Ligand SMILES: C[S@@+](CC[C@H](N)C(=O)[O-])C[C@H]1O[C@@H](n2cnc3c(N)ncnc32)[C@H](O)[C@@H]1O
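Next up: a single chain in structure tokens, the form predicted on its own.
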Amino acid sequence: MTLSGSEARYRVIPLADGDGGVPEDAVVRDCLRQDPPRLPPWLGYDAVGSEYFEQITELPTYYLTRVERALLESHSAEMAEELACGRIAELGSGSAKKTRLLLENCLRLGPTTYLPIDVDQAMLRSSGAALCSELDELRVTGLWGRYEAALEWLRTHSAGPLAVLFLGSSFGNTTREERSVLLDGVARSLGPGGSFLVSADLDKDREVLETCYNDPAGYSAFADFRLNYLTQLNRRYGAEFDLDDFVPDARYNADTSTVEGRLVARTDLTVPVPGLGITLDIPRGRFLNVGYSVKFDEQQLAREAGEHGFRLRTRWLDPEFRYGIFLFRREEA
């Protein structure tokens, strides 16, 4: 069978969690043993979860996607010139709708290969096909797997200058320890002189944040997305969570500057998770954490990146919603 021009320019590489990576089951088990029990972000992004998240980005109260897209529309040409790179990898690429703006400007500067990284294989294939049909000169190599495996693949498959993107403010969906591990992996995959372009939501009033992270009247995208974590536990590990036993919501924790996505138990629950060899006891009113969204100040963000050899080169800010896209450069050794 002969591939069309656009089909010949994209492929998807499946990645294993080898090379010393922590197995998925162990990660999920350790998270569920925390207080409160927590689920890793990637668990929610199967094909169904990815579709729910796309619906979240279209909610009238969810400003993050709208503001980030506006920044890219206004400044992607500047960003492309700063990156000055023929290989662009993106962590958690999803549909890559916003990234298209940046890739279009990168192509104006020279040949460009896009390396989207995602746990949803179907999304990688559909987004890669769409980009290659729209951007004639673009090549796409999708990396199907978790961030750790993808960053290791990038490190061992060096083919010239590389930039890593992490958009959607997803950098804040991690704990401090997880961000440190991630930054270390990005630094090693880039090497000296490489660029890391990351978006981050800055801290603001509780009312603004809780309005953003809860469904407005008449919508259920956030609720469906959060409950899908339980569906994943049932499917993967033989748990018997009843979705009706939980109330999905989000609350802002001012002590940690974090919005916490929650599944609050309506009653006392005891739920075995046979595939992980554990049983969860969740009292009425307690919750499972199904999403961290850390809200940064600029100094904190620069300090965390600086600990891994990154220097802030420039940033683009939306003053109304205090949201930014930050360009870090890996310093020479």
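Keep in mind that this is a model prediction, so the values were computed, not measured. In case it trips you up, residue 1 is the first one in the sequence shown, and so on.
From this point on, the text means the form predicted in complex with the ligand, which you will not see here.
Practice item. From the candidate stretches 188 to 196, 211 to 219, 257 to 265, 145 to 153, select the single one in contact with the ligand in the predicted bound form, where contact means a heavy atom within 4.5 Å. Key: Partner-contacting stretch among the options: 145 to 153.
Point to revise | Partner-contacting position among 86, 248, 172, 92 - heavy atom within 4.5 Å of the ligand in the predicted bound form | key: By the 4.5 Å heavy-atom cutoff, the listed residue in contact is 92.
Exercise for review: Would you kindly say which of 119, 200, 183, 101 lies with a heavy atom within 4.5 Å of the ligand in the predicted bound form?
Suggested key: None of the others qualify; the residue that does is 119.
Point to revise | Site test, 163, 298 and 326 vs the ligand in the predicted bound form, non-hydrogen atom cutoff 4.5 Å | key: Answer is no for this spot.
**Study point:** Non-hydrogen atom contact residue 68 with the ligand in the predicted bound form at 4.5 angstroms
**Key:** Answer yes; at least one heavy atom of residue 68 falls within 4.5 Å of the ligand in the predicted bound form.
Point to revise | Heavy atom of residue 53 within 4.5 Å of the ligand in the predicted bound form | key: Contact with the ligand, yes.
Review point. Is residue 106 a contact residue for the ligand in the predicted bound form, using a 4.5 Å heavy atom cut-off?
Key: Contact check for residue 106: no, nothing within 4.5 Å of the ligand in the predicted bound form.
Review point. With a 4.5 Å heavy atom cut-off, would you call residue 292 a contact of the ligand in the predicted bound form?
Key: Looking in the predicted bound form, residue contacts with the ligand do not include residue 292, since no heavy atom lies within 4.5 Å.
**Study point:** Any residue of 249 to 284 that, in the predicted bound form, places a heavy atom within 4.5 Å of the ligand
**Key:** Nothing in the stretch sits within 4.5 Å of the partner.
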